[in-house]
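Read the single chain below, which is given as structure tokens and is the form predicted on its own.
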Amino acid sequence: MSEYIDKLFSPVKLNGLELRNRVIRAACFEGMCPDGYPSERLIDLHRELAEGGVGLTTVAYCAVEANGRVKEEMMYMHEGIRPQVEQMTRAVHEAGSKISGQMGHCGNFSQNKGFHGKRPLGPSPMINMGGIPVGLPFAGAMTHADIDHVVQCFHDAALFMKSAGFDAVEMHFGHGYGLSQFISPKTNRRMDEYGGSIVNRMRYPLRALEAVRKAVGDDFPILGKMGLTDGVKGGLTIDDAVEVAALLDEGGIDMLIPSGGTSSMNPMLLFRGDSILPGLLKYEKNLVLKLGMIMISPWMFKKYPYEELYFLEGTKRVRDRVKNAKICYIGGASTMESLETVMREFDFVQMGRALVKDPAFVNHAMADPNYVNDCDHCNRCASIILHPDGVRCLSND
């Protein structure tokens, strides 16, 4: 093996956390929380990833409050799920790995039938297209009190997650979710101290980061998934993104994970490869929402051919701007050659689809330098996000 592959598979420390290697399982939504509770399948999935050799596995979309869920089938952090969460973190630890949870809030695009209140809230008023079928057609603007409330939710969720056995948390600043709605000029049209300049648009996300740090302490890793670009007119640009990274770095984040695209406006910029639309249409039960997806598909589900390392140049720009935070690469690193390139440039790598295809990727690659992962980036795993059995590699069936 080359020195860079040796680096990939060697033990490393992130803040106060010892990891057995630099491979992190990305927070790919699992769809395994019926009624909002972690299922045995979710626990088994992350146990399998730990047994397969990853240094850190990430539980996707741990909403910081009930209204922070996109759909009611997602979990949020509260005492009612402690037994299942502790069972999951314990299973990962027993298999020799560490576990993180992705802290998120959907902000203004909730499709949650169990939503409490008149309407979802984001930085500015808008039409909530995804919420129309469930009676949530409009999103309002958060007041200062609303912002204070969600900041406290981030604090309380972080306290819960650390106490339940998580070894790290990953804050979601990207992909069009609640915090990134403030960061992006496309969705933030406020005229107060939370809108306008990039410093103002970052005020709320930085308050959330400060609250999480206060909850977990100085030697507990906080990772941040951020956007390189929204991929839509008037949205976040790469020039904006490097300044976002600098502010998060100054705010004390331990690791940045630059990604791209938005779940509600341009998801294929994140996935690349075959469209996820056919699978979404197949399993969407609501006819109004299904018709809406078909009507907006030319704008929302654009074609981006897959290529390896498609976020490489943007991530380099982020790396060159920050001073302290570690950089974790994500975006088309599925071959050994790509992983070698990543390790030349960055500190860690997150993998999604390659680990959906083969949860034992790390063990197999360590045993065989000529290992080839068979993921063909068909994206059928992502397209079945609405399937009641959860996300899996259909080619493995």
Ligand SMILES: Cc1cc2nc3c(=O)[nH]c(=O)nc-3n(C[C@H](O)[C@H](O)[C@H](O)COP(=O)(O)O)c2cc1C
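Just so it is clear, the structure is predicted and the values come from calculations on it, not from any experiment. Heads up: residue numbers just count along the shown sequence, starting at 1.
There is also a form predicted in complex with this ligand; it is not shown, and the following applies to it.
Checklist entry - Gly332 near this ligand in the predicted complex, any heavy atom under 4.5 Å? => result Although this ligand is absent here, Gly332 would touch it in the predicted complex, with heavy atoms inside 4.5 Å.
Checklist entry - Is there a non-hydrogen atom of Leu8 within 4.5 angstroms of a non-hydrogen atom of this ligand in the predicted complex? => result Taking the distances in the predicted complex, the answer for Leu8 is no, it never comes within 4.5 Å of this ligand.
Item to check | Partner proximity in the predicted complex: His105 to this ligand, non-hydrogen atom cutoff 4.5 Å | outcome: No - in the predicted complex, heavy atoms of His105 and this ligand never come within 4.5 Å of each other.
Item to check | Close approach of Leu17 to this ligand in the predicted complex, 4.5 Å, heavy atom | outcome: Looking in the predicted complex, residue contacts with this ligand do not include Leu17, since no heavy atom lies within 4.5 Å.
Item to check | Option from 84-92, 122-130, 144-152, 270-278 whose residues, in the predicted complex, bring a heavy atom within 4.5 Å of this ligand | outcome: Stretch 270-278 is the one.
Checklist entry - If you check Met32, Val362, Ala60, Ala50 against this ligand in the predicted complex, which one has a heavy atom within 4.5 Å? => result Flagged contact: Ala60.
Checklist entry - Just one of Cys328, Leu56, Met351, Leu339 has a heavy atom within 4.5 angstroms of this ligand in the predicted complex, so which one? => result Residue within 4.5 Å of the partner: Met351.
Next on the checklist: For this ligand, considered in the predicted complex: do all three of Cys28, Tyr310 and Ile385 come within 4.5 Å of it, counting heavy atoms only?
Outcome noted: Heavy-atom distance to this ligand in the predicted complex: all three under 4.5 Å.
Checklist entry - Who in 158-177 is close to this ligand in the predicted complex, meaning a heavy atom within 4.5 Å? => result Residues within 4.5 Å: His172, His175.
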